[in-house]
Every structure is written in structure tokens, then in C-alpha cells.
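The chain below stands alone and is given as C-alpha cells, in the form predicted alone.
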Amino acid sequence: MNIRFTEPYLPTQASALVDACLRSGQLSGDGPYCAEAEQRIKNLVGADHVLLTTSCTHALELSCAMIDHVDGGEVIVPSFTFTSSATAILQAGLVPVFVDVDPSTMNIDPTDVIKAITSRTRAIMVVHYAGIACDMAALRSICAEHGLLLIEDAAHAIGGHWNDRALGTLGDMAAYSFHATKNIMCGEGGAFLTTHASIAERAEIFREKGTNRKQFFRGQVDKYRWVSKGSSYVLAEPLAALLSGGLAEFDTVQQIRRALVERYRQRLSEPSIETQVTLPSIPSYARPAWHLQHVLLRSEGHRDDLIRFLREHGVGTAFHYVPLHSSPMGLECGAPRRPLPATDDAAPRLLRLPLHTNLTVANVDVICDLITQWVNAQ
């Protein structure tokens, strides 16, 4: 038996789309396939402005580059997240301030956010862990009260919702990931979203090496000039072709992943399992993106033992983030040290289970049977 932890989803027309793009001769970015993929994202989530990027990391860097600040400006971010959330803040010359999570979801804790706000705070970056919405009512209220920008790290979250609003459209800016491990992928890629036309205009210039190139091609300016700071974040056309093909099959992908997660949740809530394995909660306001399935074990030792047991039986599993506040760079980057008890307790106990479109419900049953066997041996 060999049940892989993750496998990329290849759209049915993947080869034909990439081949057509290669034969077209237009391989650099912002061509017809980029435009098509951006429009598909807009249609899917109801976004106002979408710019494809070479990664979610670059979309986050672009978001943070749009924050007006003086030296010492701070951005609040959960410690339980991927390094890109914090490195994007540092790249913009800002200071990441790490806050705690709600262990029932592993999403940012609004009560701890309030405690972390200072006169230097400029923005809050939220992470919709596993594609389950953060408490956006509380977080949007906090931002409104304190005059802060709200950035959504929605790397896990395309297709997820808070009430009836798509994740990635609730803040001032957002970032999606199309890495090979995500629901829809192009190998490496991302997207920057914003609700503000003025930010979209600045972001478009920044991602085009600080030039007004796109305005020139649209006939809005008479010359193509260097007008701002910037970098090179434009996605290549062959990757955009692959991405557009995946987005066209988004509903099919989500139906498969939802069925698998629902089977996991049914089986892992059985009395024989739930004494040792805790499922994440799905708040009433959240409609998940079905990105990953995680559980919490009773201790780090139990988590590591279950990883070993499942791998011995041919099932790929993984832990997840090492909290940033306790990492070498997190200790050096200038963020004030704060106690984060929920993060410190839950992160070492978290285990991710296989979830991808090549997985079957029968595979999920095998995995859950093995977990039951392990639980019974404790």
C-alpha cells in the first residue's frame, strides 16, 4: 500500500493548453492566458482587481509593499503560519508582531490581536488555515476601530467563504497560492487581490519592475517609464495556461475534496477515535475551501508516534509549521516577545492527513481504520 500525502491536480486539457501556449510564441507574462486566468478568478470569487504573480509569497510581498509606513511600523500576524507571511512583512521594512491562535481552528485569535496593537501597528495579516475562515467580523471591526489595513493570507483558501463572502475578498488586500500542493495549481504561482482601485494601480506598477508598462500598452500614457520602486512578479504565460485550465475545472476539484473531508470527519468523530484524536471545528460562518485535513493529538509524542505508524503502513503524513516566534529568525527580527500559549501547545500536536484528488473514499477508510488500530493500542 502506498497512499501519498499530496499529489498535484492536472486539468484534463493540461498538455493541450501548455502546448498551444508554446506554439503561440508568447511566453512572457500578461498575455491572453494571464488575462483569462485573472478573469476566471474574478468570476469565481467576485474580486474587483486581480494580478497574477509568480508565487503567493510574491503576492504577500506586493501586499506589504502597498502599506504606507515609517521605520518601526508593525504588522500583526499569527505565529502559526508559513514563513512567507513574515518574510513579506520584513521585505517591506516592517516588523512582524506574532500573535496567538484559536486551537479549535488554528486561526488567528482576535482577542490576542487587540492586546498586540500599538501606535506603530499599520496592518493585520490573517491566515485562513486549512481554508477555514477566520473570525472576520471581529477582525474587520478591529481594523475599522484602529484604522488598520487588513491583509488576507488566503494561500489555503480559494473557494472558501465567510458567510456568503469569498475568502480573499474581505480585506484590503489578499494573496492566493497556486503551488503544486494547492487545490488548483500551476507548479508555482499566486495572485494578488485588492478591493481598492488606487492600490491596484500601484501594485500593477510595482510588479512590473516599477514601470508603467501596462498603462503604456493600454494607451493610457505616451511613454513606458520607470516611475516607482518595484520588482518582477509577473507569471509566465505557460504557467497561466495551466492555471486557467485548472480554474475551469474548479467545481469538480472541490466536489472531490469535499467528499473526502466529509468522510474523514465522519470517521474521525467515531467514539473509538475521538478520545485521542481531535478534529478542527468549522465555525457556523465558515464554508471551507477543503484544502487540508488536520487533527490534534494528545501530545507531541503521540503525534510523532502516529506519523511513524502510518508511514510504516504506507500512508504519507506530515506535521506542519514550526511557530515563527520560536524560530531562529523569529527571535532575531525585532518583533516584541509575547507569550503565545495556545500556539506553543497545539502546534507540536498537529498532524496533517492525505488529501488530494487522486485519493478515494476507500483510501480514507483505510487511513481511519489504521488510526483506529493505533488508538486501540494506546
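All residue numbers refer to positions in the sequence shown, first residue = 1. In this text, all values refer to a predicted model and were calculated from it rather than measured experimentally.
This protein has a second form, the form predicted together with a small molecule, left out of what is shown; the following refers to that one.
### Query
If contact means any heavy atom within 4.5 Å, which of 242-250, 264-272, 147-155, 105-113 contacts the small molecule in the model of the complex?
Among the listed stretches, the partner-contacting one is 147-155.
### Query
Taking Val277, Arg298 and Trp374 as the candidate spot, are all three within 4.5 angstroms of the small molecule in the model of the complex by heavy atoms?
Result no, not one residue of the spot touches the small molecule.
### Query
Is there a heavy atom of Ser177 no more than 4.5 Å from a heavy atom of the small molecule in the model of the complex?
Yes, Ser177 is a contact residue.
#### Entry: Thr57, heavy atom within 4.5 angstroms of the small molecule in the model of the complex
The answer is yes: Thr57 has a heavy atom within 4.5 Å of the small molecule.
### Query
Using heavy atoms and a 4.5 Å limit, would one call Phe319 a contact residue for the small molecule in the model of the complex?
The answer is no: Phe319 has no heavy atom within 4.5 Å of the small molecule.
### Message
Although the partner isn't part of this model, could you tell me whether Val127 comes within 4.5 Å of the small molecule in the model of the complex, counting any heavy atom of the residue?
### Response
So Val127 counts as contacting the small molecule.
### Query
Which one, Gln293, Asn212, Ser84, Thr121, lies within 4.5 Å of the small molecule in the model of the complex by heavy atoms?
Exactly one listed residue reaches within 4.5 Å, namely Ser84.
### Query
Among Arg257, Lys182, His161, Arg303, which has any heavy atom within 4.5 Å of the small molecule in the model of the complex?
After the contact test, the surviving option is Lys182.
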